[in-house]
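There is one chain below, alone, in C-alpha cells, taken in the form predicted alone.
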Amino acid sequence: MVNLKDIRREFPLLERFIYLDNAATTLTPLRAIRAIEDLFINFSSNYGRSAHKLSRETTERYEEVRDRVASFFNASPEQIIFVRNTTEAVNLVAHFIPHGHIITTVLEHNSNLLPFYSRERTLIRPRGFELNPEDIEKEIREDTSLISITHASNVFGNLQPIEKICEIASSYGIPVLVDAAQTAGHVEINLKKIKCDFMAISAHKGLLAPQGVGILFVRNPEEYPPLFLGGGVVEEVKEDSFTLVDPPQRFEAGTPNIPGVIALGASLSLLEEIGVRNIERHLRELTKRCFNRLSEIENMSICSSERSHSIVSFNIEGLHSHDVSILLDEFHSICTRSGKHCAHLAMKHFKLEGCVRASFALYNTLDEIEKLAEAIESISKGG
C-alpha cells in the first residue's frame, strides 16, 4: 500500500482536523482539484456540442473518465450514466420501473425509500444488522417489479449479501437496485460478479470526487426511457417525433457536470494506485480498533456491530448525539455526524432517537482513532 503520509498530503484539511464524517462526504484530493483547474485554464468548453478543438478535447476527457469508471467497476462504458448523486440515480430507476410491488428494507437511506412511497412495498427487517436472503425470497410475488437494497447501511455499516440476493432475484426474473453509496471505493465491486441490474453510486464519498457527481450503472440501458429530454439526447427532431441517441448519452440531457466528472477521473487514479483491497483492509483495521476502543469506555452505547465496515455509531448516556458531535468539534477538532442520518426507519427499528457516527476513509489513521477515544472519554466524564 502507498505510504499513508503520502496519501494524507493529498488532503491538506487533515492538518487542521480529524475528519471522521466520510459517510457524508470524503475530502477531495489535491490531484482532483488540480484537474478542475487544468480544465478551466487549458481546455474548458462544452461537452459534445462544437467541432472546435477545445470542445473535442473536453468531450474526449469526459468520455475517458466514463471508460475509467467502467473499468474500475468491471462494466461497459455504455452502462455508466453520470448523474448528480445517488438520490438522482434511484429516482431514475423509479422512472424506469414505474409500476409493481417493491421489496426493500428498513435499513435504507431515505433516498432509497421515498422515490417508491407511492408504490406497494414490503419492508424487510434485518436479523441483527444483516439481511437474510431467504426473508427476501419469501416476499416475492407475481407483481414484484423491483428489489431495492443497500449494500451497506449509512448508520450501521454491515455489508449485505447482495450477490446472493441478486442470484435469487434473477431466478424469478426480478431486477435488483443496489445502493452502493457507502461501499464504492471502500470495498471491491465487480459488476460482472454482482449481477445486479442497477447500482447507484455517489462519487463524492469513497470515490473521493467533488460533490455533485454520481453514477448509475444500468445493465441493459437500451431497455429504458430517459427521464430528462433536451439537448444532446437526440439524433433527429421532427414536428411530431424525435429519435434518441444510443445509451448512455440519451440519459444525460443538457450540459453535464464536466468539472466534477474530470475530477472524478483524477481521484480514481489515487484509488487505483493504492488498490481497493488495500483500502478495504485498512478500513477494517480502523473500524475494529475504534469498536474495541470505544467498548472500553464507561457510559458508552455502541449502536453498530463489530462486523461493521468503516462506520462506528455510538451514544454517550445522558447526552444528546448533537451535543456530543458539537463537543468533539469545538474542543477536539474532530468532525463526526449526529442525528438520524436520513435513515428514519432504521432508527425506529433499532429504537434510537439518534446517534453519533464516526466514519472512516483511506486517509484516516489509528492515531486518530485513539484521539477520538480519548476525546469521548473526556466528554463522558464531563470534561
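From a predicted model like this one, the values you see are computed outputs, not experimental measurements. Start at 1 and count along the sequence shown; that's the residue number.
This protein has a second form, the form predicted together with a small molecule, left out of what is shown; the following refers to that one.
#### Entry: Heavy atom contact within 4.5 Å of the small molecule in the predicted bound form, the stretch among 167-175, 274-282, 240-248, 149-157
Of the stretches listed, the one contacting the partner is 149-157.
### Message
Can you work out whether H109 and the small molecule are in contact in the predicted bound form, taking contact to mean some heavy atom pair no more than 4.5 Å apart?
### Response
Close contact exists here: in the predicted bound form, H109 approaches the small molecule to within 4.5 Å, heavy atoms only.
### Partner contact for T86 in the predicted bound form: the small molecule, 4.5 angstroms, heavy atom
So T86 counts as contacting the small molecule.
### Message
Would you classify L20 as touching the small molecule in the predicted bound form, given a 4.5 Å non-hydrogen atom cut-off?
### Response
Heavy-atom contact with the small molecule at 4.5 Å: absent for L20.
### Message
Please tell me whether any heavy atom belonging to A209 falls inside 4.5 Å of a heavy atom of the small molecule, as the geometry stands in the predicted bound form.
### Response
So A209 does not count as contacting the small molecule.
### Message
Only one of S313, S202, S267, S310 gets a heavy atom within 4.5 Å of the small molecule in the predicted bound form. Which one?
### Response
Of the candidates S313, S202, S267, S310, S202 is the one lying within 4.5 Å of the small molecule in the predicted bound form.
### Query
Out of A263, I103, I162, A181, which one falls within 4.5 Å of the small molecule in the predicted bound form, going by heavy atoms?
Of the candidates A263, I103, I162, A181, A181 is the one lying within 4.5 Å of the small molecule in the predicted bound form.
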